[in-house]
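This document contains two forms of one protein chain, each encoded as structure tokens and listed individually as structure 1 and structure 2.
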Structure 1
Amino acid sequence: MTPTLHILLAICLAPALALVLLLIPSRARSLREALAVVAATANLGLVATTFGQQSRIELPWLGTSFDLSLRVYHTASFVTTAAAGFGLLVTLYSLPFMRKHSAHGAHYALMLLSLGMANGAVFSNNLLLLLFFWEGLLGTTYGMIAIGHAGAFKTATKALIISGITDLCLMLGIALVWAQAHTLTMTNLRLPLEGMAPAAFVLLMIGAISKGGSMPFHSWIPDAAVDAPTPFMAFLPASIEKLLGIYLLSRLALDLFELTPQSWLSTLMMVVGSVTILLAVLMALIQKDYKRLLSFHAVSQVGYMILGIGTAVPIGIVGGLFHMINHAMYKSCLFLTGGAVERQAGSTDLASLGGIGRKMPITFACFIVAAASISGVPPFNGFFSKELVYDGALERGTIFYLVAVAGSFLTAASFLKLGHAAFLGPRDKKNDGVREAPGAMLFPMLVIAGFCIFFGVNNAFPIDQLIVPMLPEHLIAEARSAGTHFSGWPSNPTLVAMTAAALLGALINHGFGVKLYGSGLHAADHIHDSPGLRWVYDRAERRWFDPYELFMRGSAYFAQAANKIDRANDWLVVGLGRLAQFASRGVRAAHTGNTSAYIVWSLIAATFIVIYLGQ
């Protein structure tokens, strides 16, 4: 197969099969499912075999500056393979989950369409072509949310409008790039950050981080977590959109622009990253719903990637990119466990869950692996990527490092809470009949959890084979001359110790929280009440209670602030709608139905035109 045909097939095959799928009547659900699995597998096979290839396809169009060009190279192969892998796993997972859903066919068709669009976006070597596929994904996102339950329309609209606006920023950024460089072919671009280029960078960055789900463009994701079918969450916001967003961000930072650590844009990215980490995780901490909590983490974790890439130093970039692939794994795994719990226990409300770990041991095990991974517990993959990000952040400023560690602490705390509330503790009577999820749902979870361990224990493989080749030559050379090692155990023991302290702190904090507010810890009461020790505990309680409460109160304020930002976002969307309605009333009032008035408008405008022309 020629490379040309290969790539075109990778872009067109899945969407074409999606159309075929839509033609299958809804009676033949199994046939649809089989076709979807076949298509997702074929897609994975197609993109996986592009590894190691280097080729370009040029379709001249609109003269020299708008060639439609596609390019196969290491980064693209890697990102599309990852996306295709998640696509296949989520497809498998959907089989039992979506079986009875009314929009069964649309779900699979939109998934396949998204896969084709994602391949197209990554293989594009021209910004315009990228924009085409990028906005195409916007359409499928809209569709996949909208097929959720009856009220999902509102969320879908919110997603469409927020992403639509950021995609317009992307479009303007592309126009600016074009004005500056007179080319849109990505391999020919290397813009110094001067003149209009920073504006272009910021606009393009908005497009990229919005797709990645960063603050302040995130607010539709938690809503979608409630409204959209769970496979969608694992599929688009948790994995594919994140991969794409960070892919574009890395292309921007690494080779489309000459981003240096000295540049204020680098600092801007780090600030955006840090703020996203902190605010989103604070929001996550107070959530009472399994999927909603996860979705705020999906926002928070993207902060690490932006932070890592924003450092503009090799180690940070490697960390950010490694975190991208790790996050896609553990977050989709977490959403899959969430979906399994939802399907088996009938709810994702933490108040009505609890104690189902025994009933669903495999799901619980997968949850533990993924949760440990997201919290940065060694030796899972999240630990290694976070350490790399920390290293890069510390190089640029202690404050960024501290925020990142604080984020880690809070992440761990919130997952302890989540795991405890959902899987441990007393079990509600109605959950006694809960059984383990079916095999088709467990298989993807297990595969991904396995990868979390594999990428952690054997991190040399992903880092050296997959991530480092993504860096441009000059950065690799820079790292080599500095003698930096990316893979293996983190080189800086102080950082590891700090991480360990943060995790331990989270554990202790959780223990105290549970002790003070939780149930099921009465077993410790007799120690507490024993003479002598009681006085110590009282003091200890008072001593520990205060900072805890203070902290909780403080974090509540933060959380409220984060909530305000969230609401402000909503308000803006709704408020703009109101403003438009208000303006509309004004315009409509002017149309009185009086023909003479209409003619007079025309005459007045005509007078202006005549006078203008007569000058």
Structure 2
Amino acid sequence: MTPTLHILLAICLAPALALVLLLIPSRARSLREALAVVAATANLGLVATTFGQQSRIELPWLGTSFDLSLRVYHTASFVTTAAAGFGLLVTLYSLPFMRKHSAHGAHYALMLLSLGMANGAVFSNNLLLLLFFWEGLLGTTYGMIAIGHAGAFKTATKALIISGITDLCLMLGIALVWAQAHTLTMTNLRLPLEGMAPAAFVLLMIGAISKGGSMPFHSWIPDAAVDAPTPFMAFLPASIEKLLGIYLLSRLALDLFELTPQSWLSTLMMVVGSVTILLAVLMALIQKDYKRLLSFHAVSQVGYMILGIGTAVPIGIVGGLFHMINHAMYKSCLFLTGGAVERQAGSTDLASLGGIGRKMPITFACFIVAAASISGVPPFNGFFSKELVYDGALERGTIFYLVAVAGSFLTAASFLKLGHAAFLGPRDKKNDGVREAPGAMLFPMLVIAGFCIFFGVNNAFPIDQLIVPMLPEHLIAEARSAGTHFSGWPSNPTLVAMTAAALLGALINHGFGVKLYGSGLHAADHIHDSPGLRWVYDRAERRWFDPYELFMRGSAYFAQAANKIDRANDWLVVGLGRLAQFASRGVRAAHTGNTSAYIVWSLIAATFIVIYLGQ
């Protein structure tokens, strides 16, 4: 197979099979499922076989100066293969989960379309072509949320508006790049951060971090956790969109612009990452719904990736990129466990769960592995990527490091609460009939949990073979000259000790909360009720700080004010019309046709003129 055909198939095959799938009658569900699995498997095979290849395709576009440029290289192969792997696993998971869903066929078709769009965006070597595929994901995201239930279109619309606004920023950033460099071919770009370049960087960064789910562009994700089918959460917000957003952010920081640790843009990225880590995990801590809690962690964890890449130092960047793939694994696994609990117990409300760990031991085991990974417990994968981020953050400033460690403390505290409330403690009698999830749902969870362990215990493979080759040569050379080792056990024992202290503190905090309230569900309520935080929490839960809700409320107030102005204008126009009508009737009544009356009116007018002139 020629390189051109190979890459075009990688982009077009999954969407083409998605269209075929939609033509299959709804009664042939098994055929739809079989085709979806075959398509996801073929997509994985196509992108995985690009590893080790280096090729470019330049296709003229309608005689313009913009070429449809595609590029196969290590980073693209890694990101698309990871996305395809998650796509296949979530497709398998969906077989029992979506079987009775009315939008069964649309779900698989939208998944395949999303995989094709993701491949196109990552293989694109032209920013305008990347934008085309990037925008295509808006439609699939809307569709996959909207099929959740009858009212889910509101959340889908919210996601569309937020992502659409940030994608507009992406468009403006691309326009500024063209104005600065007169090319949109990514391999030809290496812009110094001067002139209009910083503005272009910020606009492109907004598009990237929004796709990754960073604050303040995150608020649709917790809503989608409730309204969308669970496979959607494991597929797009937890994995594919994180991979795409951080992929683009890394391209901006490493390739397209000359980002250095001395740049204010580096500091900006670290501030955004730190704020996202802390605020999102504080919101996760107080959630009482399994999937909403996970959704806020999906937001919080992207902060570590932005923080790591924003350090602009090799060890931080490697940590951020390693955390990208680690997060996609453990967060997908966590959402899959949540979907299993929802299907088997009929609810994700933590108040109605409890004690189901004995009924669902494999799901519980997968939850433990994924929860330990996201909390940064050694020897799981999340521990090693976080330690690299910590090291890079500390090199840039103690405050960034302390925020990152505080985030780990709160992450561990919230997952102790979640695990205790859902899987341990007394079991409600209504859950006596709960059974383990079907094998098709357990298999993806077990595979991902296995990778969480493998990428931790044998972290040299993902770091040295997958992550480090994503760095430019000058950063790799800089790390080698400094004697930096990315893989293996962390080289800074002080940071490891601080991590251990944070995890131990989270355990003690959980024990204190359970003793105080007598419940795992309320084990973090003392943090919620602490002085200063309660006021903030109460208003955050009422969406006072949600930019989308503020915009919608502002729009409603503006609409009401505009309506009142419009009614006042109507009253004024109608009033003037009536006044003119009254005046015209009076004038018409005065014009009787009597000559004597006209002479009298003329004399009166002449008298007033004489008096006026006499003054």
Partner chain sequence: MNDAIVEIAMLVTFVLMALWAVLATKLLRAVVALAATSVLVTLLLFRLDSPLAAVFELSVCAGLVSAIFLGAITLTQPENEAEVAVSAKERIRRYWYLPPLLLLLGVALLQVALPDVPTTAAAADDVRKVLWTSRHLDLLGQITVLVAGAFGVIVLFKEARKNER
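Heads up, when I say rigid core I mean the largest set of C-alphas that superpose within 1.5 Å between the two forms. Structure 1 provides the reference sequence; residues are numbered from 1 along it. No experiment lies behind these values; they were computed from the predicted model shown.
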Pick one: which is the form predicted together with the partner chain? 1
Large Cα shift (2 Å or above) at G52 between the two structures, core-fitted: no
Return yes or no for L22: a CA shift of at least 2 Å between the two structures, with the rigid core superposed? no
Under a superposition restricted to the rigid core, does V600 display a Cα displacement of 2 angstroms or more between the two structures? yes
Between the two structures, C-alpha offset at G586 (rigid core aligned, Å): 33.2
